[in-house]
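Below are two forms of the same protein chain, given as structure tokens: structure 1, then structure 2.
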Structure 1
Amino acid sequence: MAIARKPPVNTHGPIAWMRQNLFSSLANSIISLVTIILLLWAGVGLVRWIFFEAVWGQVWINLKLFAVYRYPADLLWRPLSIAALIMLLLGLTAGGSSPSGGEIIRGVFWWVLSLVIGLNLIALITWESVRWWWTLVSVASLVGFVLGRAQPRLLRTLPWLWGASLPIGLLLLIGVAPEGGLRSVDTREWGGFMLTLILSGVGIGVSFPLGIALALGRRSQLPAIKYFSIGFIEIVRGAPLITWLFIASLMVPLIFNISPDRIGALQRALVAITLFSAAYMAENVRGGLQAVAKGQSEAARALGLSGWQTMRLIVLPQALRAVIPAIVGQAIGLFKDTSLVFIVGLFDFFNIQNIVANQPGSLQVPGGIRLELSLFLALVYWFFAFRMSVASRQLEKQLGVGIR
């Protein structure tokens, strides 16, 4: 009789993956076991410290500082109303998007909604003054999603709604009256994570079209436009962001011979961050333009398209598609680089930790609470940076980047 053979080894599932990637040879098995033991040891120590040794009380009682800094407590309904409006529109966009093409926006919506619900739970327990406003933000998010699923035709009005939300939000934050619930709030009172979102959102949103314009200007045949673009890009990229923030803070009033109070610290920081990001964005876009084969534009011109039509319809979409990873990487870097705005006297999310760490309650903790604050900041930054990275990979997959 024929000798019975052993059953074939499974090639699917977690055990097969571990056999192929972690224990494929004796050397890999030893390295994998040592790494797993070290990770378990470090993980157990970190969990023990987080839940049994760390002091988190000062973080919870300073949530307002971390969120909005010195924004008046009786006016917190204004930034939370803006958050409710944004989540309502985000829910509408996610709910009304198609099942095949809306994966990215739905992923962003559920990711941000999880944060909103978490903050709502914290507010219900420890933040009495705004607990119902956070509940409003959560309800507005779900209402927007359900409404988008039930009425997909509302997607036609979304561009107008998103466009209108920007001036409405700005007016609510600044205020339009001398006193009362809509009284003006000086931008020096802004801070915390609200300021980080404003700086990064405006910096990324405005630097993108500016970067495209500079990249196209660098390829222009007109000497004035070409050399202006080259000079701007090379000068700005030749110094770090902290230098330009120093210049915006100290040298701009001297150059224009005006009082430093004439230009607010927030405006100076926004200009410096936006122009700095635009210079790097221009080089990313220029790399994408160079990656597009010359035959593409030649074929377009042969079909009768003008130079502007060729660039707008043929070359530029392919160039931007090729540099999605670089653009998203720059956006993530800019989101974290906003921590440098302390140079111009602003207190963003990162800089609030210095205030909290030097409070009397924090100094009474043996060893201080710097480690707790650093872990808290790292977790928040990771939450948003990771979501941007995931959205980038989804967009690359959807557009077929790297696939012939």
Structure 2
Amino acid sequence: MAIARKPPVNTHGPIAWMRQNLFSSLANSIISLVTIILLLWAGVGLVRWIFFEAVWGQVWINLKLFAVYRYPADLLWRPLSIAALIMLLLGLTAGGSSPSGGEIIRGVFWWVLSLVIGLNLIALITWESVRWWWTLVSVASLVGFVLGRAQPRLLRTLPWLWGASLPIGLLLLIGVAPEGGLRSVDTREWGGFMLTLILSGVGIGVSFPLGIALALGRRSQLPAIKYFSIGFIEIVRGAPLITWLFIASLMVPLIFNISPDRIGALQRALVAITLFSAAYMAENVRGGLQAVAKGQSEAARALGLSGWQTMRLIVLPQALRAVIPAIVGQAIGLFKDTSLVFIVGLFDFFNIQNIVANQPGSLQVPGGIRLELSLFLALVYWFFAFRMSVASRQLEKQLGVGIR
């Protein structure tokens, strides 16, 4: 029996790797060298700009504005305790998920936690008023994770906890008392990254049931319901979100026949975002419903389940499982698209840059600080969107394997 030999050409080591991947032919070698030189040149330029030429001071002193806009400084503990609650739940989910299936959510958790801990360290050093509240967020995350590890049973209550966190959070932000620490805060004072998260969270959260209803309506055999759903979905998807935001700000006061001052820009934006998101959600869910084999509902009906039971117990769970990656994708899209609320005069994370850029301190910087602002915004949006899209791809892969 012949003994396996090593191949005559070395296929290991950095040199072989470079030969295969960079210098496999003359043309490739030239391309590689030119691009390496260009990349080095661009990299050096970028590093020099970031560390020596850029003026980051204006971004640094405006971080509170970027985070919460005009939310009262003495009430910052409220958004921070909501952050703690959400991180607690995220930690619970990550810790409690099964060793194999939870890899994806754990990846997201560590990613976000690294940011939280980083901010916590900064808070401990310089942000005196909120340093312990930031510590609470970090601690809550870790507690959630450990608790989830120890008591995976808690996982079953998680959907309810997540669902409850939305109204609880909003209530805490709005405030309940006329005065004191729990005094109410006008939504006009809301903004910054907090607003971006509220818009995307409420948008996805509320549009989820609406989208399912619309998807079922579109597949209904009753023409009235079917055509209403189709009409709604197609008209809403026909025009871009920014136009719906504008239309909502024009039309909502008219539709309810109230004076425009009595309904805030936030509420109007939420109406537009939710309905818009619901139309897209409906199409995603419909894709999932179509993916469920017809035999499934036939088997369920044959077992004597009612139509509603079949839908709720057999078809929907399978359909929704199949569309999780698409819904995550939609959430990423919505997270990015909340930047369009500038059109109704809201100051979300994106729109804060226009305030900062026009501050006297920024105008004094020669050439302005638009470049710094753009980079900062892009980095923050990217930090979340990129990690989510990685998770979405992992989910797709995992579900794909699971189905086959």
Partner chain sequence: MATRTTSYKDSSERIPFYRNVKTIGILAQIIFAVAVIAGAFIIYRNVATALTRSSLPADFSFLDSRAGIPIAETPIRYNPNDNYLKAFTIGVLNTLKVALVGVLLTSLLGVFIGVMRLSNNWILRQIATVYVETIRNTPLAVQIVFWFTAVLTPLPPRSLNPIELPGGALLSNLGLAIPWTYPSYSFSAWLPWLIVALLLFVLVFGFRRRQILLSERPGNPWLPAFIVALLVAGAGYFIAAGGSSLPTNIASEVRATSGVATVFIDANQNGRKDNDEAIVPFAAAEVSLSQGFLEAQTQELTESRQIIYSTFRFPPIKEKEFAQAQVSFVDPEASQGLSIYFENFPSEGVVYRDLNGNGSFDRGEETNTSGTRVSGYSAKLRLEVTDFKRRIVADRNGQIRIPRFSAEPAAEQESAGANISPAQLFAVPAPSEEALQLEVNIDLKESAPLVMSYPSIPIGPYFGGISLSTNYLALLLALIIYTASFIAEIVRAGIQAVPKGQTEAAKALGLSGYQIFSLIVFPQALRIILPPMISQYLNLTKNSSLAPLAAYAELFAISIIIANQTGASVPVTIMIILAYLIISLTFALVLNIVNARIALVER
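So that the term is clear: the rigid core is the largest set of C-alpha atoms that superpose within 1.5 Å between two forms. Because the structure is predicted, anything quoted here is derived from the model rather than measured. Residues are numbered by position in structure 1's sequence, first residue being 1.
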Check your understanding: Of structures 1 and 2, which one represents the form predicted in complex with the partner chain?
Key -> 2
Check your understanding: Fitting the rigid core first, would the Cα of F23 be found 2 Å or more away between the two structures?
Key -> yes
Practice item. Superpose the two forms on their rigid core, then report whether the C-alpha of T196 is displaced by 2 angstroms or more between the two structures. Key: no
Review point. For F208, is the C-alpha shift between the two structures 2 Å or more after core superposition?
Key: yes
**Study point:** E283 CA shift between the two structures in angstrom, with the core used for superposition
**Key:** 3.5
Point to revise | Core-fitted comparison between the two structures - CA shift at A322, Å | key: 6.3
